[in-house]
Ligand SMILES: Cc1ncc(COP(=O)(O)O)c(C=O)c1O
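Only one chain is shown below, in structure tokens, and it's the form predicted alone.
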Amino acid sequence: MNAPNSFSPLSLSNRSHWASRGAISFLMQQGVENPGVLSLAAGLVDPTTLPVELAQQQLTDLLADDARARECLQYGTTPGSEHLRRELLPFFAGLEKSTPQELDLTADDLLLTTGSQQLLSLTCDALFNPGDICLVAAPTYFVFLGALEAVGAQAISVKTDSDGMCPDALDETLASLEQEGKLDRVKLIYLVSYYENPSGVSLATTRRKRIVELAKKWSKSHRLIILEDAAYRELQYDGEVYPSIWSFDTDREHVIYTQTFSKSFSPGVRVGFGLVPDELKKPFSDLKGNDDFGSAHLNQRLMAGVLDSGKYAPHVDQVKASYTLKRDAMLAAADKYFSDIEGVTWEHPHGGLYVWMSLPENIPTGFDSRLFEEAVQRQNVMYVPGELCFAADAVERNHMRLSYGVLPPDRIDEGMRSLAAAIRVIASQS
């Protein structure tokens, strides 16, 4: 018999336990506990680029008419606001250098989501049973690794270089899994196609086409799907303009495409959208309906008004100009403070929010490393350990993801100087 005022332990689900091992909470805790630390870790957007006046204007217009205001404040539909879905047709077609008619797209082909993260979650819920397999780049977006773990799926790494996932390595991995009798468990290939979080690299155009071909080749017992995460597509500062992976899937059966306005407009609005193969439209809508009956209707109508106003593109240009300066500040600081540290290298991204830095193999960067302690506790700078961004089968411990999203250029320089000082301290002890 239980003692007075005592309680039996809760019996939590497997998914609750699987989800508890993510790193987001720890990173946020570090930021709260060390408020004076310069954050090269936070993947937040630059607060100075947030469109306060544009959002105020659109909300004022939306709520000025009583009938329209009541409509916006009412429940929407699970697929999302038809008004926004219609506005998204020419928007997306413009990114594809085409028209909605040429792409054969209608509003019914679009699913609106709470940012792109919800579509990543819906994909996991719709496709994976415990023990199923997802093929990922090495490194890859660590939050998606957490989403896979939360449904009991296994992430398997595929060799990746400065042009993204290597198609030959993908082909070899799938052949090996077939030999092991595991091909029927492979459900998804996940790719961040533009200025990847964390590495900043983009998948080469020739590889995009080849990977779609491989998905079709290996669709034997069931269809193999590619999830194209295009969250950073609009944040291009220079370099090649890439076609989407989706554009190479001419039969529209093998690619799920997701994009968000969180980085280009506002993460507080939390509006994203997706294009999914026909057979997945109902499962995705059913799962989303169970979760939320549809994403926030007012936010969607706000975003529709922004697109309709003609002011969205100029806003994105301002955002890109700001991030270009910050990216250049981080790369200049890397040249200034790290060039003479033996074994340190870094990527030079053409867009996005991140620089991927690699250290000598004998200098680990994890939360429990001497470097992380030196950086946060004594040099007052924080980064994201690169080991978080690798699937369990191929963890590398000597990398860092550095973000130039939040700090102004002068503070980026200061943070990079402090990080270099921390690395020098640990290198001298190794």
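The first residue of the shown sequence is 1; numbering continues from there. Since we're looking at a predicted model, the values are computed, not measured.
The discussion below concerns the form predicted together with the ligand, not included here.
- Proximity to the ligand in the predicted bound form, defined as a heavy atom within 4.5 Å, holds among Y257, F284, Y232, W218 only for Y232.
- Among the residues S244, S116, N299, T160, the one placing a heavy atom within 4.5 Å of the ligand in the predicted bound form is S116.
- The stretch in contact with the ligand in the predicted bound form, judged by heavy atoms within 4.5 Å, is 117-125, chosen from 165-173, 208-216, 117-125, 100-108.
- Across the proposed site, V192, N197 and K263 without exception bring a heavy atom within 4.5 Å of the ligand in the predicted bound form.
- Heavy atoms of H83 never reach within 4.5 Å of the ligand in the predicted bound form, leaving it off the interface.
- Residue contact check for W356: none of its heavy atoms lie within 4.5 Å of the ligand in the predicted bound form.
- None of the heavy atoms of Y337 is located within 4.5 Å of the ligand in the predicted bound form.
- Proximity of K326 to the ligand in the predicted bound form falls outside the 4.5 Å heavy atom cutoff.
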